[in-house]
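Take a look at this one chain, the form predicted on its own, written out in structure tokens.
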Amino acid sequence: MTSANNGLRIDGLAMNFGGVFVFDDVTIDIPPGKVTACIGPNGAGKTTIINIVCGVFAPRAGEIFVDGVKLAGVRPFDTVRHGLCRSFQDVRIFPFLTALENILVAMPGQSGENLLGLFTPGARAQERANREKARLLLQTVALEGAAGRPAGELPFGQQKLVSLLRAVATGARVLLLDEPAAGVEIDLIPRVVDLIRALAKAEGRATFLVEHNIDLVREVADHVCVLQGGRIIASGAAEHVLGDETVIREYLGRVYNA
């Protein structure tokens, strides 16, 4: 893999499940330092795109490129090695580990990954640094007070945020965020907005966002594509796409015609 950070390119993707058509000829560029949102109705195939990128499904046609290198045969558990990480619509946590520990397990290069590493002089210092980084991540979404609580005891929305932070903690250059605001308490959504902005703008990560919360999309997305009826019906700068008459008529509704 090249060290250059060119982001993610989804090129000519087509998918069906047996005789059920999902989409055809979907092409999306997710450049570093930008948030690219994909919106559309339930069943349009937005999450399927993420699953294909992560190797859960094999597409009927199309190719995936990360940093200009074709991705082929990637297994879901190996995606981080290729610079990608994803979050899920539902909650995927270790319920008996604390919120802090759930984030720590995702951090690469830990001393515990190698038995000999436990006895190196820098092992304790690295562990302290990782814990501090995990605490800072919890602070970004106002969950520092939950650091020592078992994650399974937290409300659903807070568990969802812990899952999101765990994906962030991998250090992946490309983040695939599947409805990160779904189920999150409304007062914490601004924190989600700030976190996504920081990941893209400050850290230069290529961020692909699937989201039904259009207000959040308006806040964070640089580019938006609309997937409906098996094809991309609009794609471009967020303000242009979300103001497009076809998009408003077919998906958003007149309430968004501002």
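Sequential numbering from 1, following the sequence displayed. Because the structure is predicted, anything quoted here is derived from the model rather than measured.
Omitted here: the form predicted together with a small molecule. The next part is about that form.
Residue-level contacts in the model of the complex: of I189, V217, A44, L199, one residue has a heavy atom within 4.5 Å of the small molecule, and it is A44. Shown here without its partner, the chain carries T48, F57 and Q89, all of which come within 4.5 Å of the small molecule in the model of the complex through at least one heavy atom. In the model of the complex, the small molecule lies farther than 4.5 Å from every heavy atom of V247.
With a 4.5 Å cutoff on heavy atoms, R231 does not count as touching the small molecule in the model of the complex; it lies far away.
Of the heavy atoms in A238, none are within 4.5 Å of the small molecule in the model of the complex. For the small molecule in the model of the complex, the listed stretch (218-226, 190-198, 34-42, 64-72) containing residues with heavy atoms inside 4.5 Å is 34-42.
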